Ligand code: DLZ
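A lone chain, given as structure tokens: the form predicted alone.
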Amino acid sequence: MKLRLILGDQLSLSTSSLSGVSKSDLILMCEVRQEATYVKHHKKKIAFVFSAMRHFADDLRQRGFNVRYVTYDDPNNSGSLLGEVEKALCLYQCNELVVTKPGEQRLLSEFHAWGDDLPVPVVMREDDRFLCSIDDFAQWADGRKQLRMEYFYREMRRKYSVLMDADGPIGGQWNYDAENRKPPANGLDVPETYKAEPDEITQDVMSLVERRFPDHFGDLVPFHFAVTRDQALAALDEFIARRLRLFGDYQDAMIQGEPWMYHSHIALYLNCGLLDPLECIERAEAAFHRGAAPLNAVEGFIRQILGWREYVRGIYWLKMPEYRAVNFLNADRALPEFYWSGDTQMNCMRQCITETKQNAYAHHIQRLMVLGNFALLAGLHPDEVNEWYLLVYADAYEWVELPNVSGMILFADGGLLASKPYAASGSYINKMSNYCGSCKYKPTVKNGPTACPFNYLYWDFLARNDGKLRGNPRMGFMYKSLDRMSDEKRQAIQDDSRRFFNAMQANEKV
């Protein structure tokens, strides 16, 4: 009898540890303290993962498989994966352990040690649910001076023949990002996101989370995530039918009170195994071919999955474990308290933090150009920012979170992932949202107590990091603008920034 371990982000019948499974094998799934608390995950994320695990276990049982499922509140729960594996091996006298390689380096290191700790062979299989293997990415990266996503994405398009015709990319362009930056228009009627009603299993899990994780971040209710494959497919289909058409135009737009916008909200389902990346790509491509969605929307959505998602995973495994410690800009400020409470006078930050707390979700521009932009400009320490992003979002696992934060948001890797820091002043937020109209601070005011903090912090960021960033060819124009400023203007920027940071450090409401 083989013991086959399924983790909470491997909820797919096609996961490699189930390949060749026999009805006489034992499938082990367990909710353990080790995984639920290595960071204090958002309550909604814990509820989502545990409920999806329980539903997947039920599906396996209905298919006739032998499943051992250990709940979090089982009095005999050892609290660790190794403890539960050892117990199952002993109780069922299994002669081999089969696992799929985990998605996080900390667990991979632990699994490698199991070979010495356990009395049976450990067979570790590749996670083949991704479209680019770790080895294939390393081969693509080998010898390249720059690892730019755009060129990786083009190769993936060719490999899978996605949005291609005999002459190359359909429409003649690889990338339609320039068409996907429209500010929010007045009167947009944003469709509701997919909402599933919690069944008895989910309600039991929610009670468990309230009871056992009361001090974790976030709101548990209302809870409407999909927790089964059928529900996840329904969420995907609803996006294709109702929101994909305008996703391209407004994927960067932010509207107060509209946390979901036209985004798909399927990353959490992809990342735990309920959806397969290729089926998402194929359904979006089919929508284009039948005229249900324009090319800029479909290409933009596909690029996020076939390009960006695969690319950041490749970067993660190529550069770990050293990547976890990168801090190119020597950022060292502590994460301010308002990242947890939302108690700030900066309305854009308040909106994005509040919606994160409510939904365990924020779309990519909120994460990058508001929450992340502030962290970059303020010089927040990468360790604290990474922990926050890993903790608060339901789709966050280190393989996807770490490159996005340390590389894309904080430029902590010095330009390995992004060609320049994604720094912006208040004018960008004002253009792409309606947040500024109800804010104490004014995006058109550059200095003084009513000025948008993003304005002077932007220039202070450039001045602080002059030695590291001036040579970046994409930053030359901004440094020329900084050089043209009078001494009085530069002093005002420095004074405003110092005042702001002193107030933030003193936990005053900024």
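All of these numbers come straight from a predicted model, not from anything done at the bench. All residue numbers refer to positions in the sequence shown, first residue = 1.
Beyond the structure shown, there is the form predicted together with the named molecule, which is absent from this document and is the topic of what follows.
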{"query": "In the model of the complex, segment of 55-63, 29-37, 463-471, 480-488 with a heavy atom within 4.5 Å of the named molecule", "finding": "29-37"}
{"query": "Of 106, 212, 112, 144, the one that lies within 4.5 Å of the named molecule in the model of the complex (heavy atoms)", "finding": "106"}
{"query": "One residue of 397, 176, 137, 130 in contact with the named molecule, assessed in the model of the complex (non-hydrogen atom, 4.5 angstroms)", "finding": "397"}
{"query": "Contact at 184, 246 and 258 by the named molecule in the model of the complex, all three, heavy atom at most 4.5 Å", "finding": "no"}
{"query": "Residue 49: touches the named molecule in the model of the complex, heavy atom cutoff 4.5 angstroms", "finding": "yes"}
{"query": "Residue 3 within 4.5 Å of the named molecule in the model of the complex, heavy atoms", "finding": "no"}
{"query": "Proximity of residue 81 to the named molecule in the model of the complex, heavy atoms at 4.5 Å", "finding": "yes"}
{"query": "Contact flag, residue 273 vs the named molecule in the model of the complex, heavy atom cut 4.5 Å", "finding": "no"}
